[in-house]
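Heads up, the chain below is alone and in the form predicted alone; it's given as structure tokens.
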């Protein structure tokens, strides 16, 4: 058994120090956690004006302040952490998430499916969604709008993910409901860590929908946050439950797939 959960808070655009304080407070409030997921772009804010502004707030995934802080917290609290951040990359910036283990390993994922104006600001990810072996189990990572493409979560499940960590900055109304399907159709746990607050920038206003949640392999909600308030939660779960892909006693979720019939994909 492990204890896993999420941290939800108001991200203040461009204020790394304030965001780091909120993140650390939420992490420390989850005493005994083995795995915690934080929001997308959890230390920078979301609605950048242009690529130059992204670059001014982007970080190196190994030596930036976010990686440094998360490594220290992961080691001190013996917790695996997943958090979104703006990554400084060759030729531009990526909307990325880092996974940090208590042993100091830092893994990276770049968002594949860019939402709306993100396509004007970030380079799209060009790697297969990763699954990482951690002390908290096999963790697959996807970011926010990746949920809209069921292939993302399916790829993670086929690669052995037991838990899908899903840092998010959600503004559309459907994700929290749709993640029921992502968990059920892949028989995996899923943790969607969203943010709260409003950003009035780039000629528009965006309100983030909160409602962070942890679902089990049958889609049951084990923890859910309010829509408009900071929150954190952890629950006990057994990652090994996700390894059993037998449905209704006679059907195997993956062995009975018929890829030859799916040429439209």
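In this text, all values refer to a predicted model and were calculated from it rather than measured experimentally. Numbering follows the first chain given and starts at 1.
Quick note: we don't show the form predicted in complex with another copy of the chain, though the next part is all about it.
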Legend entry - Contact test in the predicted complex: residue 257 vs another copy of the chain, heavy atoms, 4.5 Å: yes
Inset, instruction - Report whether the minimum heavy atom distance between residue 247 and another copy of the chain in the predicted complex is within 4.5 Å. - result: yes
Legend entry - 4.5 angstroms heavy atom contact with another copy of the chain in the predicted complex for residue 135: no
Legend entry - Residue contact check: residue 125 to another copy of the chain in the predicted complex, 4.5 Å heavy atom: yes
Legend entry - in the predicted complex, segment of 71-79, 97-105, 172-180, 136-144 with a heavy atom within 4.5 Å of another copy of the chain: 172-180
Legend entry - Non-hydrogen atom within 4.5 Å of another copy of the chain in the predicted complex for each of 129, 159 and 185: yes
Inset, instruction - Give, in sequence order, every residue of 242-265 that has a heavy atom within 4.5 Å of another copy of the chain in the predicted complex, or say none if there are no such residues. - result: 247, 248, 250, 251, 253, 256, 257, 258, 261, 262, 263, 264, 265
